[in-house]
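Just one chain follows, in the form predicted on its own, and it is written as structure tokens.
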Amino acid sequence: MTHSHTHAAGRRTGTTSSRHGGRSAAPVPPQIPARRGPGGRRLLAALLLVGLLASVLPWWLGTPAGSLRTTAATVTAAGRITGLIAGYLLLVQVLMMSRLSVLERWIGGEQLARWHRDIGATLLVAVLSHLSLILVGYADLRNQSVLAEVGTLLGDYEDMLSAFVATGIMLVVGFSSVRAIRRALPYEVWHLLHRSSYLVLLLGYGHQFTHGAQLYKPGPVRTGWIALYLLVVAALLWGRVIAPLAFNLRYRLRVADVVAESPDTISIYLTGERLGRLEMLGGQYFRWRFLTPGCWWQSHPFSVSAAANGRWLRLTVKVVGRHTADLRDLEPGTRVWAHGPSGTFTAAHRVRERALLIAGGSGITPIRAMLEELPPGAALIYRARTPADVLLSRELDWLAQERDTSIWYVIGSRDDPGPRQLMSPDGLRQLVPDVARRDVYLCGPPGLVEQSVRALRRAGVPRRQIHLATFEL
């Protein structure tokens, strides 16, 4: 066994196991989950594209040929088209936030987050274009200034004020979603701002059906749009209310023990009812709400750090703020409200037979659980600044032996020459010569993930084989 030193990588294949609170953390390896192909994602993408085309079809069918002869008419028509597109994209965006399990299974967590981000940006552009084009077009038709047209719309048109408020909310949500701004905001503030986007659906509804040129008249078009609204609201209620309620009534999770893994990291063990029937894959996460004073009002996403075993669940949490610090004081028996399991950062979503896993710091937690379910022959690169930052090492060494896994602990700062060389394209190929033919699972600080993705792409790993842990929706 090669011992590791700072700036170097070492392979560990120890046979020790760790015990916490009387529960063996060295599990009996479960069966390897079957792969889930991309068929559902492609079908849903096709349906969404058909829906987008159908959303503008009423304008096309209802606009007489030769009616766009003036600039005002053309600009107004463009405003109506972008309004229909914005209305449809808003429904799709809310559907993406509904947390329906079928969407995650079909699309994949990373892809779903990417769709959500891209659709959100497109929606914001469509809404601003709709507002600008309608204002300019109507102002030209009435032969008045754009500012005067704003006053006319707000004063004389029903439900127009709520539409302007909805646009303002979208601007705030879009601004807070910029990566640099989001990182600077506390999670609770960002989450609250993001949830306010549901108000856009409510505030924009009246405007669409009162003044929408294609929607205010009774008929199949109006009925179809109302049906879409009802479908999305039903999905939202199911994914956000009914399914979580059923889950928690079924499993009744409680805190069993809290164990310190390091000075700034804890593991929380949970017990409950019927855990043997819980369908959960290693690498998935829940949104946890601990029903105790000071914690009950916050819900945070944490991955499970051990695969399902029918007896207990475990999440391993790094203490980085007030909420996570309070989790250290959880008492056994504390009730837990959980929403999940979520995420496609799992062995079931692999596209190749072998895998390389790259973790940084507390990003080892979902990867540690995945190691129990990946086919033998996986490789793990674990980045940490110091040896004290390595978590769950005894369990990893045990899994290395049981699952025929190669593990390298790469210790040191990102500016140290050793880790920099090892995490380069040549360094990755040296450690894992067949890296381009493996799935690669990445979880860790944003800097490590971005650097690793660049190195992996230059090392020849196709984008579809790179999986990122995503907790955004």
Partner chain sequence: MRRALFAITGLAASTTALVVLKGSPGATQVAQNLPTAQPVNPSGPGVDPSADPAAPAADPTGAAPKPSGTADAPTSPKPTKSSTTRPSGTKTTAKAPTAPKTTTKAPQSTTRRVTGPTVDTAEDYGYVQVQIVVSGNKIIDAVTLSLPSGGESDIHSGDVRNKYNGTGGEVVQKQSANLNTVSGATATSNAYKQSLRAAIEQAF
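Just so it is clear, the structure is predicted and the values come from calculations on it, not from any experiment. Positions refer to the first chain, counted from 1.
Unshown form predicted in complex with the partner chain; subsequent notes refer to it.
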So, L61 and the partner chain: in the predicted complex, are they within 4.5 Å at any heavy atom pair?
yes
Would you please decide whether A45 lies within 4.5 angstroms of the partner chain in the predicted complex, comparing each non-hydrogen atom pair?
no
Does any part of V165 reach within 4.5 Å of the partner chain in the predicted complex? Heavy atoms only, please.
no
Against the partner chain in the predicted complex, would T82 count as a contact residue? Criterion: heavy atoms within 4.5 Å.
yes
Based on heavy atom distances of at most 4.5 Å to the partner chain in the predicted complex, which listed stretch, 415 to 423, 401 to 409, 53 to 61, 442 to 450, is the contact stretch?
53 to 61
Could you tell me which one of R394, R385, R250, R117 places a heavy atom within 4.5 Å of the partner chain in the predicted complex?
R117
Among S196, S132, T292, T122, which has at least one heavy atom within 4.5 Å of the partner chain in the predicted complex?
T122
Are all three residues G66, Y157 and P220 in contact with the partner chain in the predicted complex, where contact means a non-hydrogen atom within 4.5 Å?
yes
Who in 136 to 160 is close to the partner chain in the predicted complex, meaning a heavy atom within 4.5 Å?
Y138, L141, R142, Y157
